[in-house]
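Below you will find one chain, with nothing else, as structure tokens; this is the form predicted alone, and questions on how it binds or moves follow later.
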């Protein structure tokens, strides 16, 4: 007959394994349920984006987007059809009303959370998309309403994607790939695709952001050379394909080449702040605004360090030191030489 300690051990093990809601088996089943829900919602996002952009979602496109086998995609779509989320007719997928509503919510939650990470936290830009991919499945519709209000109901996320309003449809993507832009024609960078991650990381490292004005001046040697935000950038056509643009009427290439930044201000000069670059976001943007780098403020160089970086600037009677990369984020205009007596102080 088993001893009492042995029976107690069995009871403890059984409790750890099968305790309702907290045992290993219950947690395993819950993890599988969550994983299935996440996969279903990711499939709905894919179908929605295809539909609004005039593309045809298929079983193969779902499998490719979710990085699963065709057989797994077929099982997933069959389950989604059974639950009234999609219809699958002759190989073509269509969203049903409940599936469309859920897809819109997940897209909205993702883009709002990316906006939150960009504007309210110090999280590195490279992590925004990955973290939002997880959080989008956890936010309720009520959560997104609160979050949107906290952010001031933004219209676009940090990558330039439209954030659909609560209950509104998702608009089609606009813009054309940057590598198709004509030479010597100013354009506005509208959107930067954040997938695949390796490609996005390379674009991000160059400091390119939605909202920048650009002008391509060369498409030779397998490279696209263009001017944006006061400097020359070089991208391969594959990388440039991940940026989209819209025309910028009323702007000439000279307007872009003549843009000035605080990093180019010399001792004995003053200038007026025109604004901050779109590359400046979140805590850094708030800090510069709090320090007085707001449109209309007059700035002059107070002192340059022996190494040339950082530089101290006089802003509204206060001396503030900025690194060169920080000063490059500040657009200036009305540059002028200080009077001799002022410059000698």
Partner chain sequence: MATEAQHSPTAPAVADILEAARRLRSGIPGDVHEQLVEAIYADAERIAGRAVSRPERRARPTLDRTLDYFLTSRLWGFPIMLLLFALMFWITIIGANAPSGWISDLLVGQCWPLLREVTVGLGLPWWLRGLLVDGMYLSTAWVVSVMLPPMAIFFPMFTLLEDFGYLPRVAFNLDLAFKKVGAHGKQSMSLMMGFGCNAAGVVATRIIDSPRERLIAIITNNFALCNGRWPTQILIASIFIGSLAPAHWAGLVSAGAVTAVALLGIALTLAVSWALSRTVLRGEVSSFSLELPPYRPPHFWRTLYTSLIDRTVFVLWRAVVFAVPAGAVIWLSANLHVGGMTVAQYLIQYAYPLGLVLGLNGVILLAYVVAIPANEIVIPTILMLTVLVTGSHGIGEGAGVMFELDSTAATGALLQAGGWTLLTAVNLMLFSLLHNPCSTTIYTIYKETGSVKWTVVATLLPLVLGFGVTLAVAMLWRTFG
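This is a predicted model, so every value here is computed, not measured. Residue numbers count along the first chain shown, from 1.
This protein has a second form, the form predicted in complex with its partner chain, left out of what is shown; the following refers to that one.
- Residues with any non-hydrogen atom within 4.5 angstroms of its partner chain in the predicted bound form fall in just one of 33-41, 59-67, 304-312, 46-54: 304-312.
- Of the listed positions (249, 97, 222, 152), a single one reaches within 4.5 angstroms of its partner chain by any non-hydrogen atom in the predicted bound form, namely 152.
- The shortest heavy atom separation between residue 173 and its partner chain in the predicted bound form exceeds 4.5 Å.
- Contact check for residue 336: no non-hydrogen atom falls within 4.5 Å of its partner chain in the predicted bound form.
- Interface residue remark: residue 209 is counted as part of the site for its partner chain in the predicted bound form, having a heavy atom within 4.5 Å.
- Not displayed here, its partner chain is approached by residue 204 to within 4.5 Å at the level of heavy atoms in the predicted bound form.
- Within 4.5 Å of its partner chain in the predicted bound form, a heavy atom is found for none of 129, 160 and 169.
- Along 289-306, residues 289, 290, 291, 294, 295, 296, 300, 302, 303, 304, 305, 306 each place a heavy atom within 4.5 Å of its partner chain in the predicted bound form.
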